[in-house]
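Before any questions on binding or motion, here is one chain by itself as structure tokens, the form predicted alone.
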Amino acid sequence: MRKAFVETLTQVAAENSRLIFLTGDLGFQVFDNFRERFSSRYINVGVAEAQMICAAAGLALEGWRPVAYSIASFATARAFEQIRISVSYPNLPILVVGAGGGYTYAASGVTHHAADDLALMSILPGMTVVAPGDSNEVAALLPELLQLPGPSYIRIGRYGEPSYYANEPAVLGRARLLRDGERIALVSTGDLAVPVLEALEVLKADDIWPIAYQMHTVKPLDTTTLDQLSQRVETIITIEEHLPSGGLSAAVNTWRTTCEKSIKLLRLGPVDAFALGNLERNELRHRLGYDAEAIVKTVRSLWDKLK
């Protein structure tokens, strides 16, 4: 994802001379091409995320289109007050980029975990919040975010995440159909679309065909698609790498309170606790029960009951 982010950002910068990039002492070698081509629009503020956001706000007030980049835990939690007061309150067109959202840096410990980033950004008025699932979604959604009149946040991963095919293009604010089906809907966000698709391949051998959507835009939530799903399924399973509060599942649960039809909602994701032990990400997902194996087990247990 990070490669797609840099390449797309560079393309947009070539077309928009007001785009300016700020980093909190991160991205060495990653942004070399951008820095060489647009040296006057590349600012390294050092290890000072709060100052980075304040600088971005000042630049936005002068007509620039700032993109502020850091590790997700630092970009959101450490600079939260500055984002709230200097970006969200005046509704400035600043894109905050959280690299390594969720437990991308699982083995680095709690300081680098960002399983609350979507919640922190979603509670801010006017903030658009996006968690792409692969490089193609990053490339499609980034230019749209940079056209918004107000602030936005994007969670991206690292290098090497697998790409996947979907039946629909990635469009900001619209859930993306991964696979059509029946009875049960799987709704994922971020790169958990990949284990969802892995689970679908396993379930196919058992003639089990749930619907699968990738909800890359967490805010504003695509309630139109959810309304349509409510007429087709009895159960929605959300899959997220985020704490229970404030993420995708919480947003879907809020929608459910307004839904005319009674829908059962299940959640696969981290529990309401710090992830201790410095586990590798895949092991953490397995232990907390939201990898492909857990998705298969959950769908199988429900499928026959819903016949």
Partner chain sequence: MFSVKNKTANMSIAIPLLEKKARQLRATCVQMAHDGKEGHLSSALSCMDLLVGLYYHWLRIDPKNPKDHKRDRFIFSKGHACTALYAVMADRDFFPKKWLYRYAQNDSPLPNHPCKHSLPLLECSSGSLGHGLGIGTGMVYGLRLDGVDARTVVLMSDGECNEGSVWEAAMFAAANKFENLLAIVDYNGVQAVGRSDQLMGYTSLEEKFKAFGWNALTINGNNLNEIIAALDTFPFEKGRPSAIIAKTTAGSGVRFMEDQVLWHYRVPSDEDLKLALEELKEVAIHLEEV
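Because the structure is predicted, anything quoted here is derived from the model rather than measured. Residue numbers count along the first chain shown, from 1.
Quick note: we don't show the form predicted together with its partner chain, though the next part is all about it.
Legend entry - Candidate stretches 37 to 45, 24 to 32, 262 to 270, 249 to 257 - the one whose heavy atoms come within 4.5 Å of its partner chain in the model of the complex: Contact criterion met by 37 to 45 only.
Legend entry - Joint contact, I20, L61 and I85 to its partner chain in the model of the complex, by non-hydrogen atom at 4.5 Å: Yes: I20, L61 and I85 each sit within 4.5 Å of its partner chain in the model of the complex.
Inset, instruction - May I ask you to state whether Y159 is within 4.5 Å of its partner chain in the model of the complex, using heavy atom distances? - result: Judged by the heavy-atom cut-off of 4.5 Å, Y159 is well away from its partner chain in the model of the complex.
Legend entry - E81 within 4.5 Å of its partner chain in the model of the complex, heavy atoms: It does: once its partner chain is placed as it appears in the model of the complex, E81 has a heavy atom within 4.5 Å of it.
Inset, instruction - Answer for Y89 alone: is it within 4.5 Å of its partner chain in the model of the complex, judged on heavy atom distances? - result: Y89: contacts its partner chain in the model of the complex.
Legend entry - Contact flag, A57 vs its partner chain in the model of the complex, heavy atom cut 4.5 Å: Yes.
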